[in-house]
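One chain comes next, on its own, written as structure tokens: the form predicted on its own.
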């Protein structure tokens, strides 16, 4: 073997959503904060994202994380999230994968029955409670950065659909949120391709017609996802609802989506439908579930915000060395429009 680059990768998923964790081979990444490191990776080391996530080594439904030492005095470790089209400030499912990998591979010590971690994401510090038994992380509960609503009940014009009412909400990523039934969807797996195509149209229309800027960090990307929301019902003392987040370039999140769930909590609270301490069981298009609560209230600039807490589980599926042969014609991978909806 004559590999020009070797990455140590732990394959993982959180409630069905891929979250590879790169634990070695990246080298030094300059920057004081994880957001600084995110910017450096995006602008100077983007080949890593393409090698790992683009075909033939990756796929459109793959995500990855690079774990890095943190400079923050409270943080046990840091991580930068890589997705197929962007570097999100935050991701709940990826955070669950990172916490699980750090503990189950021994990078950080596991304490049973509960291990508390503080991880630095590009969005800020994420406090994590991991329930552990027999060397396995059985639940990851993360307290996200505050989530808030930019626009409530706004109307946008969408090609083929006319006027559509959307809510624009930040939960670590920024979402165009829409009632699924209003557009004829029940959020069934058989609808996935149609959800993706419509979701992309909605996202682009919302991004063009509704301005957003994070009040504390304007460099956080704007509207990059669509969330289709199912009806709410009560099961015992909890609210239960299905959702489907359409991630760029046009595919369904297999998990209930951590930042999408955070955005849903902010929206429900803004509409008076959930109070701090109440539980939302958020279900994905695949049937997996996150348990979501509001841990407190906050203010982000001029916006009233909630502090979301999201709980789920992640599973390690493999450990391997990803190598890049210098004669490989696909040094930075490729995309094909059958699944990627575009080519690179």
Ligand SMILES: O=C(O)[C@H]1NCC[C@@H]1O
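The model shown is predicted, which means the values in this text are computed figures rather than measured ones. Numbering follows the first chain given and starts at 1.
Absent from the display: the form predicted in complex with the named molecule. The rest refers to it.
S.K.: Evaluate residue 91 for contact with the named molecule in the model of the complex, applying a 4.5 angstroms cut-off between non-hydrogen atoms, and reply yes or no.
M.R.: Residue 91 belongs to the contact set for the named molecule.
S.K.: Would residue 121 count as touching the named molecule in the model of the complex under a 4.5 Å heavy atom rule?
M.R.: No, residue 121 sits far enough from the named molecule in the model of the complex that none of its heavy atoms falls within 4.5 Å.
S.K.: Does the 4.5 Å heavy atom contact test between residue 99 and the named molecule in the model of the complex come out positive?
M.R.: Residue 99: no, not in contact with the named molecule in the model of the complex.
S.K.: Does any heavy atom of residue 226 come within 4.5 Å of a heavy atom of the named molecule in the model of the complex?
M.R.: Result no; residue 226 lies far from the named molecule in the model of the complex.
S.K.: Could you tell me which stretch in 231-239, 195-203, 122-130, 256-264 has residues with non-hydrogen atoms within 4.5 Å of the named molecule in the model of the complex?
M.R.: That would be stretch 256-264.
S.K.: Between 83, 191, 104, 76, only one gets a heavy atom within 4.5 angstroms of the named molecule in the model of the complex; which residue is that?
M.R.: Flagged contact: 83.
S.K.: With the named molecule left out of view, choose which of 147, 173, 244, 140 has a non-hydrogen atom within 4.5 angstroms of it in the model of the complex.
M.R.: That would be 173.
S.K.: With the named molecule taken in the model of the complex, which residues across 52-80 come within 4.5 angstroms through any non-hydrogen atom?
M.R.: Heavy-atom contacts to the named molecule in the model of the complex: only 63.
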